[in-house]
Structure formats: structure tokens, C-alpha cells
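As C-alpha cells, one chain now follows by itself in the form predicted alone.
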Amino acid sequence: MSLIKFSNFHFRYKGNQEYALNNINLKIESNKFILLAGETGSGKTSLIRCMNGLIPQFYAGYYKGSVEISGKNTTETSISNLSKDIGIVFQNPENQLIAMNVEHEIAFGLENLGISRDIIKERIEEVVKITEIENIMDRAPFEISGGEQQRVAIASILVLEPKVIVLDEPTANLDPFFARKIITLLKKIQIEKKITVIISEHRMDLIVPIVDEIILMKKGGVIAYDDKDKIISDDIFENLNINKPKIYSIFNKLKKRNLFRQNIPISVQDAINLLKTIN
């Protein structure tokens, strides 16, 4: 059984004539680090909203087909029950933070699920250590930086022990230093917890080198989904109007001029290692 399964899924927002999602067929397995990429307006955010039942339970519209999370149909399972399997962190984490301090914020979801105090304490200690937010536990969410807010939002999801964490442009409001820290943290979480992390992200230089797989979207449809190396060597990736890694762009141009014939590297280190092998 796939962890996430879209079957012939279509969705059109209420009042819109065009479909935001068109015939989505997608199977996502466990323990993967996945990039969700696509042109502006391609349907990435709508796809994410489907994964925890926000579409169609919160966002009204017309739909057909099905979405399943760990075998649970998202139209028949409450959003609160789906949150045990999948957690979503949106672009602006401040909108998700509602408690008076960070500790209460992290504990909020567990308290609503009726988890015992001892287990809550144990889980909080674990996620606080992983996300490295020990020094801000007594502070209010609105008093901390954007990077710290993002870590708190991730911790508040991680404490529920979901099988999947999905993030929609998590570094959009962060400077390059904190953006790199967040991406590195997410990879660390995925490896240590052996969960699936799906991230919609425009900073390709940071994210592409460390993902396992890439989902590409265009005009409401999934146009490619495969291992990273297969995707970046495909014409579909080259022709998509997205912010591609700089190293990829450089070597792709060399390849088109017949000055380079090997697989295209996607990070500076990959390029260095490759160039060392060329006589």
C-alpha cells in the first residue's frame, strides 16, 4: 500500500471555471525526501491541500477521483485524524502558531489528542532537541525570528509523529543562511525519523542536491515523477520554466555545445568531483 495515493483526481475551486488539478495519478512511498516543483500556478499548493483533506473539506469546489493517505480516503476521514499521518507546514509559519509560548505551541496538538502528560513531555524533549530550539521554549511565537518560527512549526508537526511532513515554500521568507539551516534540518529529520518529507521549494541550488525524487507539475497536472537523476536529465525538466540549479544550467549549456558529454552535476561538489575525473 502506497503512503500517498492520488487516483484520477480532479479539483476545481468554487466559482472557478478552470480546474486547479487535472487527472492526478500519483503514488508516494515511505522514507523519501521529495521535491515538488513547477511553474507559478501549476497547482503545487492545491496538491498539498489535498494531502491533509483541506481540499475538499475546507476549500469548497467540485472534485472527482480519490486521495488516500495510509489507506484513508481524505474525503471520508476528518482532518484531525489525517493529521496523525500527515502534517503540513505552510509558507508563513506565523499563521500556524497560536499559543502563548513555544512549549505550549508544541504541546497543543498532543493535548487535543488526549496524550498523557508523561508522553507529551518525552516527545517535546525529543523534537526540541532535533530542531534545536531549547533556548526559546519560554518565548512567544511572535517574539522570535522567522527561522525560529519555522523550526517551531516543524516541531509542532513532528511531535505528532506523522508518516509524512509536507512543506510549502518553507524558506520563502528567510535569508540564505536560515534557508540553508531549514533545508539541512529537514533532511536530518527525514533520515533520523525515516519519514517522507515533501517540499515545494524555489531555491533549487539548496534542495535538489539532497532530494531522492522530484515531482514536476504544469497547468494542474503531474508531468513527471521519478528519481532525481532521471528527472534532471530529462527534456521535461529542461523545458520547464522554473528556477534551476546554477550548476545544472552551466553544464547543460556545455552539453548542448558538445563540450560536455557526461551526466549533468547538480551541486558544486558534484561538479568538482566530476572535473577531477576528466583528463
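When you see a residue number, it is the position in the sequence shown, counting from 1. Since this is a predicted model, take the numbers as computed values, not measurements.
One more form of this protein should be noted, the form predicted together with a small molecule, which is absent from this view; the next part is about it.
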{"item": "Check all three, 90, 108 and 112, heavy atom within 4.5 Å of the small molecule in the predicted bound form", "value": "no"}
{"item": "Contact stretch among 24 to 32, 207 to 215, 250 to 258, 45 to 53 - heavy atom within 4.5 Å of the small molecule in the predicted bound form", "value": "45 to 53"}
{"item": "4.5 Å heavy atom contact, residue 225 to the small molecule in the predicted bound form", "value": "no"}
{"item": "Contact label in the predicted bound form: residue 20 to the small molecule, heavy atom within 4.5 Å", "value": "yes"}
{"item": "Partner contact for residue 229 in the predicted bound form: the small molecule, 4.5 angstroms, heavy atom", "value": "no"}
{"item": "4.5 angstroms heavy atom contact with the small molecule in the predicted bound form for residue 94", "value": "no"}
{"item": "Candidate from 169, 148, 103, 85 lying within 4.5 Å of the small molecule in the predicted bound form - any heavy atom", "value": "169"}
